[in-house]
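What follows is a single chain, given as structure tokens, in the form predicted on its own.
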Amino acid sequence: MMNSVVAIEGLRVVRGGRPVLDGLDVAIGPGVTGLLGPSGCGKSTLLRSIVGVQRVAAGAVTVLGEPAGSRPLRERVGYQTQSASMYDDLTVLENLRFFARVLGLPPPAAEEALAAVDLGGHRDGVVGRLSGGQRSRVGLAVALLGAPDLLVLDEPTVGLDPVLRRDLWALFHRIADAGTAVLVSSHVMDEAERCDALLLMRAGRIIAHGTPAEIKESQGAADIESAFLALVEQGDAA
């Protein structure tokens, strides 16, 4: 785990008296990593633990060589939640300028984030009037403020049509190619092939970790959904 962007050892999270994650061990490297699994399997809890906003019962989460949530990481980790926080009555640029000031960033940071997500043509558009795909891009731009080394995205493509999802995944790869590690959660299995590496998750456990090709080959499957189902059946049988 020494060269990993994120290293997790023995992570245990308890919510409502029930373990959501119990003894999780995983390392995440550069590029675009997909965290895929059904709703309720613990994906968001894992992402919150990586960002450092989740109370953990045991274990260690190290991000970019620092403990998750520690002060040195505040400007190095970008995080987009499922419901991105934006002001609907402000324009795209006004939102970015506001959040840039909150983060103590210089004025050009807002323009740089705007350019990174290809929203220059909507800079003066009121956020509340944007389409779902455009709003997702605004949320992504907020997370990109300050040029983070790690970008954590919680279901950023949910509810979008196939064309918008394709465009966003292309954007994720451009961001990764520029040097930012990208961790994206999704419950849509057909998005797996768009990732450099995959973490398949079920019931709070990582049941597979590798490239899409490696996971399919390990199960003799033609696609990731079939591989996932095979892994689930093996786990249930065990």
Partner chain sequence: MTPRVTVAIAVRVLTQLRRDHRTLAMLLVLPCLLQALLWWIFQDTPLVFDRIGPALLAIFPFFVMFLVTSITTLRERSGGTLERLFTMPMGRLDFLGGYALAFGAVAAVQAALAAGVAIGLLDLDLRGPDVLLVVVGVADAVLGTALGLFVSAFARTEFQAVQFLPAVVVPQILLCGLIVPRDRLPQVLEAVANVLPLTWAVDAMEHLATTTRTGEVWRDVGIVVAFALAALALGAATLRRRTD
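Residue numbers count along the first chain shown, from 1. This is a predicted model, so every value here is computed, not measured.
A second form of this protein, the form predicted together with its partner chain, is not displayed here; the remarks below concern that form.
* **Stretch in contact, per heavy atom within 4.5 angstroms of its partner chain in the model of the complex, of 55-63, 175-183, 25-33, 202-210** => Checking each option against the 4.5 Å cut-off leaves 55-63.
* Exactly one of D167, D149, E111, E94 has a non-hydrogen atom within 4.5 Å of its partner chain in the model of the complex; which residue is it? -> Going through each option in turn, the one that passes is E94.
* To do: Identify, from the list A116, L130, L90, V158, the residue with a heavy atom within 4.5 Å of its partner chain in the model of the complex.
  => Result of the distance check: L90.
* Asked: Does R194 reach its partner chain in the model of the complex if we count a contact as any heavy atom within 4.5 Å?
  -> Looking in the model of the complex, residue contacts with its partner chain do not include R194, since no heavy atom lies within 4.5 Å.
* Asked: Heavy atom to heavy atom, is C41 within 4.5 Å of its partner chain in the model of the complex?
  -> No, C41 is distant from the partner.
* Does its partner chain come within 4.5 Å of any heavy atom of R48 in the model of the complex? -> Output for R48 is yes: heavy atoms within 4.5 Å of its partner chain.
* Can Q134 be called a contact residue for its partner chain in the model of the complex at 4.5 Å between heavy atoms? -> Result no; Q134 lies far from its partner chain in the model of the complex.
* Asked: Judged by heavy atom distances of 4.5 Å or less, which residues of 92-119 approach its partner chain in the model of the complex?
  -> Contacts from 92-119: E94, F98, F99, R101, V102, L103, G104.
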